[in-house]
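In C-alpha coordinates, the next block holds one chain alone, the form predicted on its own.
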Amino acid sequence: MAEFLQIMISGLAAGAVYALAAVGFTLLWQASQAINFAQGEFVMLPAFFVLIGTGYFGLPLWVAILLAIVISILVLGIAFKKLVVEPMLPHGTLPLVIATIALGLLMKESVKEFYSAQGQPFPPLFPQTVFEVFGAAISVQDVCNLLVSLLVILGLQMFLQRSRTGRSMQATAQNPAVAEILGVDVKKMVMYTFIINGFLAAIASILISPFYLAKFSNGETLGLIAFIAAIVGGFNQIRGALVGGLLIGVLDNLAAAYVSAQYRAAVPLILLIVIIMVRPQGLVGTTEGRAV
(Lines give C-alpha, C1' and ligand atoms only; values in the text may rest on other atoms or scores of the structure.)
Protein backbone atom coordinates (compact mmCIF):
# COMPACT_ATOMS: atom_id res chain seq x y z
CA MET A 1 0.00 0.00 0.00
CA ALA A 2 2.80 2.41 0.92
CA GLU A 3 4.64 1.70 -2.32
CA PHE A 4 1.45 2.14 -4.36
CA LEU A 5 0.74 5.53 -2.73
CA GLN A 6 4.32 6.65 -3.40
CA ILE A 7 4.05 5.64 -7.06
CA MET A 8 0.70 7.43 -7.44
CA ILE A 9 1.98 10.73 -6.01
CA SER A 10 5.11 10.60 -8.16
CA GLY A 11 3.01 9.77 -11.24
CA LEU A 12 0.58 12.61 -10.58
CA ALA A 13 3.49 15.06 -10.19
CA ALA A 14 5.03 14.02 -13.53
CA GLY A 15 1.60 13.91 -15.17
CA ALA A 16 0.76 17.44 -14.04
CA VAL A 17 3.88 18.75 -15.79
CA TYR A 18 2.96 16.79 -18.95
CA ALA A 19 -0.45 18.46 -18.69
CA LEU A 20 1.14 21.94 -18.82
CA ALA A 21 2.69 21.11 -22.18
CA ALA A 22 -0.50 19.40 -23.36
CA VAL A 23 -2.54 22.51 -22.53
CA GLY A 24 -0.25 24.41 -24.92
CA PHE A 25 -1.18 22.02 -27.73
CA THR A 26 -4.87 22.51 -26.91
CA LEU A 27 -4.71 26.31 -26.74
CA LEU A 28 -2.88 26.70 -30.05
CA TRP A 29 -5.28 24.30 -31.75
CA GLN A 30 -8.31 26.17 -30.46
CA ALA A 31 -6.93 29.61 -31.34
CA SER A 32 -5.36 29.01 -34.74
CA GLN A 33 -6.06 25.40 -35.75
CA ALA A 34 -2.28 24.91 -35.57
CA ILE A 35 -0.50 21.86 -34.17
CA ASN A 36 2.93 22.78 -32.89
CA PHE A 37 5.21 19.77 -33.31
CA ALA A 38 8.03 21.76 -31.74
CA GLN A 39 6.15 21.89 -28.42
CA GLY A 40 8.56 19.39 -26.83
CA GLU A 41 11.52 21.59 -27.77
CA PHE A 42 9.58 24.60 -26.42
CA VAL A 43 9.60 22.80 -23.04
CA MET A 44 13.28 21.85 -23.41
CA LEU A 45 14.63 25.34 -24.21
CA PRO A 46 13.69 27.52 -21.18
CA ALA A 47 15.82 25.35 -18.86
CA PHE A 48 18.86 26.44 -20.88
CA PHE A 49 17.80 30.09 -20.57
CA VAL A 50 17.99 29.57 -16.79
CA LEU A 51 21.37 27.81 -16.96
CA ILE A 52 22.81 30.59 -19.15
CA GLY A 53 21.53 33.16 -16.66
CA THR A 54 23.04 31.42 -13.63
CA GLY A 55 26.19 30.05 -15.32
CA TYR A 56 27.31 32.77 -17.73
CA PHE A 57 25.89 35.88 -16.08
CA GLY A 58 26.03 34.75 -12.44
CA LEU A 59 22.40 35.67 -11.74
CA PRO A 60 20.59 34.32 -8.65
CA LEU A 61 18.38 31.33 -9.53
CA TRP A 62 15.03 33.07 -9.07
CA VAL A 63 16.15 36.08 -11.13
CA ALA A 64 17.31 33.74 -13.89
CA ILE A 65 13.96 31.90 -13.76
CA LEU A 66 11.96 35.12 -14.08
CA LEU A 67 14.19 36.24 -16.94
CA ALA A 68 13.79 32.83 -18.63
CA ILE A 69 9.98 33.11 -18.39
CA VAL A 70 10.07 36.58 -20.02
CA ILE A 71 12.42 35.39 -22.80
CA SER A 72 10.22 32.33 -23.37
CA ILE A 73 7.15 34.52 -23.79
CA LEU A 74 9.01 36.76 -26.26
CA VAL A 75 10.70 33.99 -28.27
CA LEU A 76 8.36 30.98 -27.97
CA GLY A 77 5.19 33.05 -27.89
CA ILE A 78 5.38 36.33 -29.81
CA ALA A 79 8.29 35.62 -32.19
CA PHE A 80 6.97 32.11 -32.96
CA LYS A 81 3.59 33.51 -33.98
CA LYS A 82 5.01 36.42 -36.00
CA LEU A 83 7.85 34.61 -37.78
CA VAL A 84 6.49 31.07 -38.22
CA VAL A 85 2.73 30.74 -37.76
CA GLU A 86 1.52 33.93 -39.48
CA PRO A 87 3.55 33.43 -42.71
CA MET A 88 2.78 29.69 -42.96
CA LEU A 89 -0.85 29.40 -41.82
CA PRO A 90 -2.42 30.98 -44.97
CA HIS A 91 -0.83 28.16 -47.00
CA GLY A 92 -2.66 25.45 -45.03
CA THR A 93 -2.06 23.15 -42.11
CA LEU A 94 0.54 20.87 -43.73
CA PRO A 95 3.17 23.59 -44.43
CA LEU A 96 2.79 24.79 -40.84
CA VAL A 97 3.22 21.25 -39.50
CA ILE A 98 6.40 20.83 -41.55
CA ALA A 99 7.63 24.25 -40.40
CA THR A 100 7.16 23.37 -36.71
CA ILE A 101 8.95 20.03 -37.19
CA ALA A 102 11.85 21.91 -38.82
CA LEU A 103 11.82 24.47 -36.01
CA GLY A 104 12.01 21.71 -33.41
CA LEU A 105 15.02 20.15 -35.15
CA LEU A 106 16.69 23.56 -35.40
CA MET A 107 16.19 24.27 -31.69
CA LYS A 108 17.43 20.82 -30.67
CA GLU A 109 20.56 20.91 -32.81
CA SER A 110 21.30 24.52 -31.85
CA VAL A 111 21.28 23.66 -28.14
CA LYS A 112 23.46 20.62 -28.84
CA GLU A 113 25.94 22.69 -30.87
CA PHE A 114 26.15 25.86 -28.80
CA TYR A 115 25.67 24.50 -25.27
CA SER A 116 26.40 20.80 -24.88
CA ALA A 117 25.17 17.35 -25.87
CA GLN A 118 25.54 16.21 -22.25
CA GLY A 119 22.73 16.44 -19.75
CA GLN A 120 23.24 19.45 -17.50
CA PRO A 121 22.32 19.36 -13.78
CA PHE A 122 19.46 21.76 -13.10
CA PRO A 123 19.20 23.30 -9.62
CA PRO A 124 16.18 22.00 -7.65
CA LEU A 125 13.50 24.57 -6.90
CA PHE A 126 12.16 22.90 -3.76
CA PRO A 127 13.71 21.02 -0.83
CA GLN A 128 14.90 17.53 -1.78
CA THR A 129 13.48 15.95 1.34
CA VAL A 130 10.79 13.35 1.97
CA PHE A 131 8.04 12.93 4.54
CA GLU A 132 6.02 9.88 5.44
CA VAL A 133 2.30 9.35 4.82
CA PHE A 134 0.90 5.93 5.85
CA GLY A 135 4.40 4.53 5.61
CA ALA A 136 5.05 5.92 2.10
CA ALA A 137 8.03 8.21 1.52
CA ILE A 138 6.60 11.23 -0.33
CA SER A 139 9.00 13.66 -2.01
CA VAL A 140 8.46 17.34 -1.17
CA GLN A 141 9.59 18.17 -4.71
CA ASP A 142 6.88 15.91 -6.20
CA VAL A 143 4.17 17.50 -4.07
CA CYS A 144 5.34 21.05 -4.89
CA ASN A 145 5.51 20.26 -8.64
CA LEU A 146 1.99 18.84 -8.51
CA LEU A 147 0.60 21.85 -6.62
CA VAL A 148 2.31 24.45 -8.83
CA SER A 149 1.16 22.73 -12.04
CA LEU A 150 -2.43 22.37 -10.83
CA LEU A 151 -2.52 26.00 -9.64
CA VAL A 152 -1.27 27.24 -13.02
CA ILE A 153 -3.83 25.17 -14.97
CA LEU A 154 -6.74 26.00 -12.65
CA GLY A 155 -5.74 29.69 -12.73
CA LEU A 156 -5.74 29.58 -16.52
CA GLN A 157 -9.15 27.89 -16.55
CA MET A 158 -10.58 30.58 -14.24
CA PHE A 159 -9.02 33.33 -16.36
CA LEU A 160 -10.63 31.93 -19.51
CA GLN A 161 -14.05 31.48 -17.90
CA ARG A 162 -14.39 34.52 -15.65
CA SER A 163 -12.42 37.37 -17.20
CA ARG A 164 -13.61 39.48 -20.14
CA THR A 165 -10.36 38.80 -22.01
CA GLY A 166 -10.65 35.07 -21.34
CA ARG A 167 -14.21 34.92 -22.65
CA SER A 168 -13.13 36.86 -25.74
CA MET A 169 -10.35 34.31 -26.28
CA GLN A 170 -12.88 31.48 -26.03
CA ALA A 171 -15.24 33.24 -28.45
CA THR A 172 -12.33 33.63 -30.87
CA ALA A 173 -11.52 29.94 -30.55
CA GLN A 174 -15.11 28.87 -31.20
CA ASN A 175 -15.90 31.17 -34.14
CA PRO A 176 -13.44 33.95 -35.13
CA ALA A 177 -15.81 35.48 -37.70
CA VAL A 178 -18.67 35.89 -35.25
CA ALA A 179 -16.30 37.10 -32.52
CA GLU A 180 -15.00 39.83 -34.86
CA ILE A 181 -18.56 40.94 -35.66
CA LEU A 182 -19.20 41.21 -31.91
CA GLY A 183 -16.23 43.58 -31.57
CA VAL A 184 -13.56 41.18 -30.34
CA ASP A 185 -10.02 42.00 -31.45
CA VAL A 186 -9.36 38.51 -32.84
CA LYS A 187 -5.68 39.07 -33.70
CA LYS A 188 -4.95 40.27 -30.17
CA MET A 189 -6.76 37.29 -28.63
CA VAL A 190 -4.78 34.83 -30.76
CA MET A 191 -1.55 36.58 -29.75
CA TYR A 192 -2.53 36.20 -26.06
CA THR A 193 -2.89 32.46 -26.68
CA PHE A 194 0.66 32.19 -28.00
CA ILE A 195 1.96 34.25 -25.08
CA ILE A 196 0.24 31.89 -22.62
CA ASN A 197 1.75 28.90 -24.41
CA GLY A 198 5.25 30.40 -24.05
CA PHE A 199 4.58 30.91 -20.32
CA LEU A 200 3.30 27.34 -19.83
CA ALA A 201 6.29 25.87 -21.68
CA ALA A 202 8.66 27.82 -19.40
CA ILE A 203 6.92 26.65 -16.22
CA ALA A 204 6.90 23.01 -17.41
CA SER A 205 10.59 23.20 -18.32
CA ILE A 206 11.61 24.68 -14.96
CA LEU A 207 9.60 22.11 -12.99
CA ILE A 208 10.69 18.97 -14.83
CA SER A 209 14.38 19.73 -15.57
CA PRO A 210 15.59 18.94 -12.01
CA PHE A 211 14.39 15.35 -12.67
CA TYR A 212 15.34 14.87 -16.34
CA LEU A 213 18.41 17.16 -16.37
CA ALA A 214 18.58 19.89 -19.02
CA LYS A 215 19.33 18.06 -22.26
CA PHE A 216 18.89 18.90 -25.94
CA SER A 217 16.91 15.68 -26.57
CA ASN A 218 14.36 16.14 -23.76
CA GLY A 219 11.83 17.57 -26.19
CA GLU A 220 11.47 14.28 -28.08
CA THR A 221 9.88 12.46 -25.15
CA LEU A 222 8.08 15.43 -23.62
CA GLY A 223 6.55 16.54 -26.91
CA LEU A 224 5.27 13.05 -27.74
CA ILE A 225 3.78 12.47 -24.28
CA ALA A 226 2.16 15.91 -24.21
CA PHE A 227 0.67 15.40 -27.68
CA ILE A 228 -0.75 12.02 -26.66
CA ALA A 229 -2.07 13.49 -23.39
CA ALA A 230 -3.91 16.21 -25.32
CA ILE A 231 -5.53 13.63 -27.63
CA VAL A 232 -6.38 11.21 -24.81
CA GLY A 233 -8.02 13.92 -22.71
CA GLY A 234 -9.70 15.74 -25.60
CA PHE A 235 -7.90 18.10 -27.93
CA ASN A 236 -10.52 20.83 -27.61
CA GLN A 237 -10.68 20.96 -23.79
CA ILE A 238 -8.12 22.35 -21.32
CA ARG A 239 -9.44 20.06 -18.59
CA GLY A 240 -9.00 17.22 -21.08
CA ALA A 241 -5.29 18.00 -21.36
CA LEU A 242 -5.09 17.94 -17.56
CA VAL A 243 -6.89 14.57 -17.33
CA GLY A 244 -4.76 13.09 -20.13
CA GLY A 245 -1.49 14.29 -18.58
CA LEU A 246 -2.32 12.99 -15.10
CA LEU A 247 -3.53 9.65 -16.47
CA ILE A 248 -0.39 9.08 -18.52
CA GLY A 249 1.87 10.10 -15.63
CA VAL A 250 0.21 7.59 -13.28
CA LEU A 251 0.04 4.74 -15.82
CA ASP A 252 3.67 5.34 -16.80
CA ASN A 253 4.81 4.98 -13.18
CA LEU A 254 2.58 1.95 -12.50
CA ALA A 255 3.87 0.20 -15.62
CA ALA A 256 7.49 0.88 -14.66
CA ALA A 257 6.93 -0.44 -11.11
CA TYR A 258 4.67 -3.46 -11.72
CA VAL A 259 5.24 -4.50 -15.35
CA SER A 260 8.60 -3.55 -16.82
CA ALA A 261 10.61 -0.34 -17.05
CA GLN A 262 11.62 -1.38 -20.57
CA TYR A 263 8.04 -1.22 -21.83
CA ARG A 264 6.89 1.90 -20.00
CA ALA A 265 7.36 4.02 -23.14
CA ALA A 266 4.73 1.87 -24.88
CA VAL A 267 2.04 2.68 -22.32
CA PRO A 268 1.06 6.12 -23.72
CA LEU A 269 0.93 4.71 -27.23
CA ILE A 270 -1.30 1.79 -26.18
CA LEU A 271 -3.56 4.20 -24.34
CA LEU A 272 -3.71 6.43 -27.44
CA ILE A 273 -4.76 3.51 -29.66
CA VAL A 274 -7.48 2.44 -27.20
CA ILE A 275 -8.87 5.99 -26.92
CA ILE A 276 -8.92 6.52 -30.69
CA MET A 277 -10.82 3.24 -31.14
CA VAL A 278 -13.26 3.69 -28.25
CA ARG A 279 -13.71 7.46 -27.83
CA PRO A 280 -12.03 9.44 -30.63
CA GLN A 281 -13.00 12.83 -29.18
CA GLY A 282 -11.03 12.06 -26.00
CA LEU A 283 -12.10 11.29 -22.44
CA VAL A 284 -13.66 14.71 -21.78
CA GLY A 285 -13.52 16.20 -25.27
CA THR A 286 -16.48 17.08 -27.43
CA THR A 287 -17.16 16.09 -31.03
CA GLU A 288 -16.40 18.85 -33.51
CA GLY A 289 -17.75 19.14 -37.02
CA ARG A 290 -15.72 21.16 -39.49
CA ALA A 291 -16.53 22.22 -42.99
CA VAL A 292 -14.22 20.76 -45.63
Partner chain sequence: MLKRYLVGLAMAVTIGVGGAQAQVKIANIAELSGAGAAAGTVWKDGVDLAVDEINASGGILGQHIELMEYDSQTDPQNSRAMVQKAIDDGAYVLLGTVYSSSTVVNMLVAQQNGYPQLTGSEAPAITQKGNPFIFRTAFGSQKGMPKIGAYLSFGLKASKVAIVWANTEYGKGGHDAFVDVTKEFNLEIAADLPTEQGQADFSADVVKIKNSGADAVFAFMTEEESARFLIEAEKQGLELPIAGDTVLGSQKVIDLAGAAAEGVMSHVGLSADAPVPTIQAMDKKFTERFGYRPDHNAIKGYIGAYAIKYVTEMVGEFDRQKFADTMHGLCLQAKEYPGLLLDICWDQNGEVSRESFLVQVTNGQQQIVQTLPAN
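From a predicted model like this one, the values you see are computed outputs, not experimental measurements. Residue numbers count along the first chain shown, from 1.
There is also a form predicted together with its partner chain; it is not shown, and the following applies to it.
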*asked:* I need to confirm a contact call. Of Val97, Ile71, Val130, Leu156, which residue comes within 4.5 Å of its partner chain in the predicted complex, counting heavy atoms only?
replied: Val130
*Which one of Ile181, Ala79, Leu213, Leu151 is close to its partner chain in the predicted complex, taking close to mean a heavy atom within 4.5 Å?*
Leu213
*Quick one: is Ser163 in contact with its partner chain in the predicted complex, heavy atoms, 4.5 Å cut-off?*
no
*Within a 4.5 Å heavy atom cut-off, is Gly119 in contact with its partner chain in the predicted complex?*
yes
*With heavy atoms only and a cut-off of 4.5 Å, decide whether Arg264 touches its partner chain in the predicted complex.*
yes
*Can any non-hydrogen atom of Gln237 be found within 4.5 angstroms of its partner chain in the predicted complex?*
no
*Segment that reaches its partner chain in the predicted complex - one of 238-246, 254-262, 35-43, 54-62, heavy atoms within 4.5 Å*: 254-262
*asked:* Is it the case in the predicted complex that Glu3, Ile7 and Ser10 each bring at least one heavy atom within 4.5 Å of its partner chain?
replied: yes
